[in-house]
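Form predicted alone, single chain, as structure tokens, below.
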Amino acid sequence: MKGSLRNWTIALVAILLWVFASPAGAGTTKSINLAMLAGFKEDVLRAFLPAFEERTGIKVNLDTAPYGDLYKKQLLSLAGGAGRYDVLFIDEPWVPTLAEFLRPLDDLAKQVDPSDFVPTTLAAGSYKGKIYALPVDPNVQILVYRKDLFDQRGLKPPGTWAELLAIAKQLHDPSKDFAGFVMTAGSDVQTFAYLTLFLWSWGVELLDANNRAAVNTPAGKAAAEFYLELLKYSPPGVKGYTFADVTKTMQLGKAAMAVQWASGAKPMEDKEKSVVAGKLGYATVPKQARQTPIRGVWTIGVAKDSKNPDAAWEFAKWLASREFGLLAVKYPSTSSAIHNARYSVLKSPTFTGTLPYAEAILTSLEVAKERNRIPQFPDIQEQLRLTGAKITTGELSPADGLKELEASINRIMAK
């Protein structure tokens, strides 16, 4: 497999060098530094960088960090004025905090046809009416299910969480090492996403109109209790699972359903790694009081103090382009894909004909809920993770966990 992927990459780069060849591509003249997410999505970017560098003469130096460290690294560097980064790969909840250190892109964005972006994705890189980052990867939560098993049993994709729980109970079979549902729990970073999804689905807002915590309610307790109930029909080691474990469990055919970020669906369709490739169905996540998949768009921004702002913009423009999006569609991502936020890509035959979850991405983006657009949200998100860990491991009851979460959020907002 490694050999075939290496050969595929070499061949692809050769093709891209031809496609992107231009008189301007004779030798590197500028260098920019990119703060990039390590591992996840990194393989997709590295596959196409040689073509960009050859065409533009811009050398891109990657400084990678895992998700838990990337935001802190970016914030410390930008706030310290060290000029370490020219361009940054930014998760959308970080934009409000980093905005003061980023170059406003409203005028430049006119060059890239902003009307082609799904509106919710363009909003991900905006703050207080200004664009600070362009959308690159329109990540959103989707429901993944074993369509082959559903068809065999005459089941339909669940529209409500109650329906999902009933199906999970029906298909759960520990004697065959088969789970009804798979997600993360415990201290993994993705635990915040499941707790938040359930709270939102039950109609709970994290903050009220006065920016005070609003999670410690009967609905919030019911949402947290549902999380615990669903864990009963998950794999035995689920409290130690990560994003990659959710994908792997589905790839190995060991679960009937999962809620996963769309970027994690592509490896499930890899015929060399997934025994269920071609057997999966995709839909918008279920609802309780409302349907609220979390939007998690990755964006690209230019540092205000970049020493090479023009080169940084050229790279940002390319990464958010239709051309890059169409190329990335067919790259065999091993862990987490980069899709594209443009209608012209999401609705193209290349996209819809290659990825069976194409419709689920677009439908989910159109109803997705954004996390609170406030500078404090990264800290609130971390508290959601910590509380989710305590509840799912039994350290705290749902009632006590939400009480602690509410107090933590209020302390953050009071700073």
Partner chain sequence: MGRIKTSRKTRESLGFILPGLFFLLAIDLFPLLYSLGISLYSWWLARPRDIRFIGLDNYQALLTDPAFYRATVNSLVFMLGAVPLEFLAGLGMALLFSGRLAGAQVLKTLILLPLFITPVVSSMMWRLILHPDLGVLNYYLTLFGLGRPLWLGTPGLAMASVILLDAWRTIPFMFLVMHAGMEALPREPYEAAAVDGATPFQAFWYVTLPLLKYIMLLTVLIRLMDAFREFDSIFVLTGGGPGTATETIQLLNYRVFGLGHMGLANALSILTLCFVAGMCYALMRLMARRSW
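Positions refer to the first chain, counted from 1. It should be emphasised that the depicted structure is a prediction, and the values quoted were computed from it without experimental measurement.
This protein has a second form, the form predicted together with the partner chain, left out of what is shown; the following refers to that one.
Q. Of the residues Arg55, Arg385, Lys369, Lys41, which one places a heavy atom within 4.5 Å of the partner chain in the predicted complex?
A. Residue within 4.5 Å of the partner: Arg385.
Q) Which pick from Thr160, Ser344, Ser187, Gln170 sits with a heavy atom within 4.5 Å of the partner chain in the predicted complex? A) None of the other options qualify; the answer is Ser187.
(Q) If contact means a heavy atom within 4.5 Å, which one of 346-354, 373-381, 30-38, 45-53 is the stretch that engages the partner chain in the predicted complex? (A) Going through the listed ranges, the match is 373-381.
**Q.** Contact label in the predicted complex: Arg146 to the partner chain, heavy atom within 4.5 Å
**A.** Judged by the heavy-atom cut-off of 4.5 Å, Arg146 is well away from the partner chain in the predicted complex.
Q) Would Thr97 count as a contact of the partner chain in the predicted complex, using a 4.5 angstroms cut-off between non-hydrogen atoms? A) It does: once the partner chain is placed as it appears in the predicted complex, Thr97 has a heavy atom within 4.5 Å of it.
Q: State yes or no: in the predicted complex, is some non-hydrogen atom of Leu76 no more than 4.5 angstroms from a non-hydrogen atom of the partner chain?
A: Answer yes; at least one heavy atom of Leu76 falls within 4.5 Å of the partner chain in the predicted complex.
Q. Ser397: heavy atom within 4.5 Å of the partner chain in the predicted complex?
A. Because no heavy atom of Ser397 falls inside 4.5 Å of the partner chain in the predicted complex, the answer is no.
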